[in-house]
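Here you get one chain, nothing else, as structure tokens; it is the form predicted alone.
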């Protein structure tokens, strides 16, 4: 199932380039703890492979499967064949690249893609553990590794994001280069003076609006957009509720497994103090209890990795969609603000032209300045804001259809595996207890 889920997670975008598309395969493997104390972190080996499946290669493999048999097929599966794959990514170096990355590198990639690809749903990252003792537990590390693998493969399979220069740097740059890129802060203290001035103006404007009681910023009234927002917010609530109960199922399995283990030990001790058939029956009951305890613990882990984690991943995915919705709202307001500014400037210009007094010279100067505003930079900025908003709308519509299609596939797999695992566990428990009934019945009747 882990392989299934990785493949499913790595194909979030069902669409791909139309002509001879390359397959960009990325694996996040070998987590290793480095450093000590608060400076400790986990590093991962990120392996990138570039494979283009040509029709002739597929036909050749089919012939091998039919004629040569399973032995040779296994050799193909272990990559003993020395193929020379081609790629439509000329900037990438060679057919395979291995780099070392840490969690903050994945954060850097996510932030860069979000900043440069407005309207696209950037895949979510797993959150950091807030509890220190769980940060380096084997289970947490494996969950994060799996989530990071899904994250980067979703990007690598996305028809737009896979072309990103930031993705290429992430997959191919040396560790020193990535460290330098990470260290280039994007916070307020790295902004240019003009950016800082704009920030202060925005804050001042918001404070002024609050004091004067001005109306709230205009919002979109498109019915389809409102329907989409309602769907997204409802989906987040339902997914979060399902994930919460999936967590409780995992917890219940673990607690029951631990209780059976403790019960098994106690019954084995009880059997040791008894003799004959009763002692033997108690001993076997204890052994069965410990076996079932191990089954429950194993199923709890499978439930965590293959059911709770996919649900949690989609909660995070919906939060990423909400971030894109916020960007769309911001772009819409910016478009409206600039259009309103243009309109006000034109009205003021008309008023100035009607002035016939000692303010003529001042009016002429205002006229020259206002006339310039009909052209760049304000007009160009307004047109660019409209274009940006329209692009975001177009991309979001495409992304939503893609998201729903992939969600249907992933949730189908997760719930199918959940039901199959529960059936398997129930059958195993029933068979174990059933095998003890004859011996326990013999003891009770003697």
Partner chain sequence: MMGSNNHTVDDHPLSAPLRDDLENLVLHDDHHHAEETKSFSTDYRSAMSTLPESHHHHPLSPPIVTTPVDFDPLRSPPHLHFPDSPNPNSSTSYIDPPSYAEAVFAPFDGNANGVEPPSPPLRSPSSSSEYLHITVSNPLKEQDTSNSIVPGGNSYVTYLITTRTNIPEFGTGPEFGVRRRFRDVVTLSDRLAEAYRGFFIPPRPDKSVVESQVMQKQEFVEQRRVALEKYLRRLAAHPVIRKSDELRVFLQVHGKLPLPATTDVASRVLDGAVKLPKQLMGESVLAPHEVVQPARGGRDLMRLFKELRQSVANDWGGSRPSVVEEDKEFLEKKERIHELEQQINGASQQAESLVKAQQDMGETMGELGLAFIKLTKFENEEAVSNTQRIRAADMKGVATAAVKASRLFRELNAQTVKHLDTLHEYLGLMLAVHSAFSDRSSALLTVQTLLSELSSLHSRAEKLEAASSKIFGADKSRVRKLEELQETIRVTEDAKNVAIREYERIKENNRSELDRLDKERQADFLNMLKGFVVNQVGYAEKIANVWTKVVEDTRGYVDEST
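Residue numbers count along the first chain shown, from 1. Being a predicted model, the structure only gives us computed values, none of them experimental.
What comes next is about the form predicted in complex with its partner chain, which is not displayed.
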{"property": "In the predicted bound form, the residue from 181, 98, 329, 278 that sits within 4.5 Å of its partner chain by heavy atoms", "result": "278"}
{"property": "Among the candidates 248, 128, 116, 343, the residue which, in the predicted bound form, approaches its partner chain to within 4.5 Å (heavy atoms)", "result": "248"}
{"property": "Contact label in the predicted bound form: residue 158 to its partner chain, heavy atom within 4.5 Å", "result": "no"}
{"property": "Distance check, residue 312 to its partner chain in the predicted bound form, heavy atom within 4.5 Å", "result": "no"}
{"property": "4.5 Å heavy atom contact, residue 35 and its partner chain in the predicted bound form", "result": "no"}
{"property": "Its partner chain contact in the predicted bound form: residue 420, any heavy atom under 4.5 Å", "result": "yes"}
{"property": "Contact check for 93, 141 and 287 against its partner chain in the predicted bound form, heavy atom at 4.5 Å", "result": "no"}
{"property": "Heavy atom contact within 4.5 Å of its partner chain in the predicted bound form, the stretch among 378-386, 391-399, 411-419, 40-48", "result": "411-419"}
{"property": "Within 251-273, the residues that have a heavy atom no more than 4.5 Å from its partner chain in the predicted bound form", "result": "252, 253, 255, 256, 259, 260, 262, 263, 266, 269, 270, 273"}
